[in-house]
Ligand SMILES: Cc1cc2nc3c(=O)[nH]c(=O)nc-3n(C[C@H](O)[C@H](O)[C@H](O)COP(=O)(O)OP(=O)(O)OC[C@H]3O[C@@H](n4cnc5c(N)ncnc54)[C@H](O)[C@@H]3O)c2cc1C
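One chain comes next, on its own, written as structure tokens: the form predicted alone.
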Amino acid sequence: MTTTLDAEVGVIGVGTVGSMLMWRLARRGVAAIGFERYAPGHDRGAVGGETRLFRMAYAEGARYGELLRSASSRWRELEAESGAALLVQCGGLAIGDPGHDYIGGLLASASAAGVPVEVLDRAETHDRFPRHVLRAREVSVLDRQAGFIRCEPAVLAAVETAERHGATVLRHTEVDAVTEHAGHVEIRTGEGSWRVREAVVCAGSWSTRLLPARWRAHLQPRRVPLSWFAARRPSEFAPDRFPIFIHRVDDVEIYGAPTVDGVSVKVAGGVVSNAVDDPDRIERRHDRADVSTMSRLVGELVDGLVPDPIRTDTFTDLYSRDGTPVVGRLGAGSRLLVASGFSGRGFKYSPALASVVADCLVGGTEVPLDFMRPERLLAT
């Protein structure tokens, strides 16, 4: 008996990766239906916060190089199709002690991936980027191709473009269960059930609720705090004068982006991302210790910002046990795929990764990103 399908592909979670996957599938003419428990661009998951950093020199390893190269052109494709301005390549600085692993690893990764960078000593950094305060031994590594992505507009642009190509997005539709059958995948919600040929779980912090039990122990939702600070002279923090940055000092890392509103500057990262049991029940306010930590770090490392935050917020993301994304089929020949566990670092290459996953869905093949394959989590 032939099963009647509601769509070829079901995409569960239309956020960072889900929105891009809907766009890549729809532009190929693949009938896709997306399920979003809130609405695209919402402020509950990993999308919120105005900007996400885009880097080509990537300390996490040269194995991300091809994704990052592809992502740059994919962002420009989305801009051309949607008419939205999304990627601002204003350059980026990585700051730290060259004797420690971070800078050394970044330079090795950039060299292996063929990414051109420039190393600036403390004096050169101060002359060219005076808002940064470096310690005596520190250097900065300038990646001219780096910048930032306007994250909420990016998701909205992908979704709206996908819908123009014929995709269906069900907003405010929470998925209760996903069940794989011999010839299809059933997706159940409070409003009914849908049958699709294949399904991709990319629901961020909510993904663990939908995956088989054997995967859940290896994935954990985390609370990700963000903060913004007032600039004394906002023009000094404009994109043409203040690149994105990551500054690692001792065992702490802060990161930031230029002002996008002409008033505030986003600086975050100094507060640890703590595990949470329920992504629907997180404390979004920062406590006194969180505020104190960020105020101290901004006061020490960034000149020209009022060190008391004028805005704070908290979002969630799904972290894998090893910090590497989890992307692929849940078993050989499975009709159920996962694309989640990006551990706070997936936005920059999301359209490139979505393109790879879309290729595999169209061809019925395995996702060729071996280091991201889900089965690695079960090996130890």
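The first residue of the sequence shown is number 1, and the count goes up from there. Note that this is a predicted model, so its numbers are computed, not measured.
Although not depicted, the form predicted together with the named molecule is the subject of the following passage.
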Location of the named molecule contact in the model of the complex, chosen stretch of 39 to 47, 329 to 337, 23 to 31, 59 to 67 [non-hydrogen atom, 4.5 Å]: 39 to 47
Heavy atom of each of R135, F229 and G299 within 4.5 Å of the named molecule in the model of the complex: no
Residue (of G92, P258, G204, G96) lying close to the named molecule in the model of the complex, criterion heavy atoms within 4.5 Å: G204
G323, heavy atom within 4.5 angstroms of the named molecule in the model of the complex: no
Partner proximity in the model of the complex: T161 to the named molecule, non-hydrogen atom cutoff 4.5 Å: no
S264, heavy atom within 4.5 angstroms of the named molecule in the model of the complex: no
Exercise: L53 in contact with the named molecule in the model of the complex, heavy atom 4.5 Å: yes
Sequence-ordered residues of 154 to 183 touching the named molecule in the model of the complex, heavy atom within 4.5 Å: T173, E174, V175
